[in-house]
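Here's a solo chain for you in structure tokens, the form predicted on its own.
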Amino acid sequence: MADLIPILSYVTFFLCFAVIFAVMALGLNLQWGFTGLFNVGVAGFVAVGAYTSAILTAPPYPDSLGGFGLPVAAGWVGAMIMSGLVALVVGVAALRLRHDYLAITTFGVAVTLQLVALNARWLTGGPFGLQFIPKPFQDLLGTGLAWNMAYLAMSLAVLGLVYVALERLVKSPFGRVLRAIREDETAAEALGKRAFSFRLQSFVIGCMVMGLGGALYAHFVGYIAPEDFLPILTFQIWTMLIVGGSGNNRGAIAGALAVWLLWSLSGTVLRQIIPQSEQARGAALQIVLIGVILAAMLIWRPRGLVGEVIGTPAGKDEKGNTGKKA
């Protein structure tokens, strides 16, 4: 039994990260999969959520503003609110742009936020980051397997709530308008829908979910620094969504699990076969591997592992039954 504890610890550690990434991917799926918003600034909004929750909940820091000692739940709520406010400001200024221009703008916002985290030492700790971020249940369970399992259960509950909320949202009239805007914004406006307003709401809600994912990450690892929110994080989340299947919340979750599994396994294999002096190149090979997988999925299975359900033929239900009795 003692031999299984390290394995269980690693599995729960792995699953916690997968669940956190799944939350982030769900936020991106609302923006891209259902609304067609090309947001390449995911890492920036994740960083806003992570730093906000850390600053609100951590003990006072001697050299920075951080440390209000609030409950973790308050930190999560604050992370969502702050990410939403930042998204509102960015969205009002940027969402009138389209496609490549919106991507460039959101990427620039993400880089700017990362640089703010790097240089605003009085607020974020600068390059040294923020330490001693409280972990829920740590006083009761310690930091071993029991705590990992408890955090995994809590993260799964959060993921379930986010999934249910987004499913209800996208299946409501609001969600149908989002899909109409994604397919043909001009036609949606001709029917009296204010496309910009709906795009902005989708952008803000998606970024709030990303901020929640950042808060989950911060309280899981207990330490955050600017290098945690580099553009590679955005690349990972986009890959998870495309591999899993955009426009389907189950696909976003499946993609997060699949890509994180490949990322972890490839890292382990490369560390075993590449000499210690060449480990930096091994990290670059991981990025190349994920890029190859993404390209292959776009060629051979563009809808992803669990693609969007476009609709069913007239007279049939989702299982293909005609509804006629024998």
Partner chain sequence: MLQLIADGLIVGSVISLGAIGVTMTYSILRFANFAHGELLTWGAYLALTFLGFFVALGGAGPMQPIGPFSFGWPLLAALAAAALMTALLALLVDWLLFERLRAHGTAIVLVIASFGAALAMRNLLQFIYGTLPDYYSREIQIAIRLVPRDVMGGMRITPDQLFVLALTAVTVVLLHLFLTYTTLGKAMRATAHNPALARLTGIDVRAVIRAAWIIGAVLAAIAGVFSGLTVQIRPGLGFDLLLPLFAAAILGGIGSVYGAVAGGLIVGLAESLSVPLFGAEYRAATAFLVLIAILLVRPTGLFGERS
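Residue numbers count along the first chain shown, from 1. Keep in mind that what you see is a predicted model, and the values were worked out from it rather than measured.
One more form of this protein should be noted, the form predicted together with the partner chain, which is absent from this view; the next part is about it.
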In the predicted complex, the residue from 294, 269, 70, 258 that sits within 4.5 Å of the partner chain by heavy atoms:
294
Counting non-hydrogen atoms within 4.5 angstroms of the partner chain in the predicted complex, say which of 97, 156, 195, 145 makes the cut.
97
Looking at the partner chain in the predicted complex, is some heavy atom of each of 107, 231 and 281 within 4.5 Å of it?
yes
Indicate whether the partner chain has at least one heavy atom within 4.5 Å of a heavy atom of residue 87 in the predicted complex.
no
Contact label in the predicted complex: residue 235 to the partner chain, heavy atom within 4.5 Å:
yes
Do residue 265 and the partner chain come within 4.5 Å of each other in the predicted complex, heavy atoms counted?
no
Look up in the predicted complex whether residue 111 has a non-hydrogen atom within 4.5 angstroms of the partner chain, and give yes or no.
yes
Out of the stretches listed (77-85, 197-205, 117-125, 164-172), which one is close to the partner chain in the predicted complex, meaning heavy atoms within 4.5 Å?
117-125
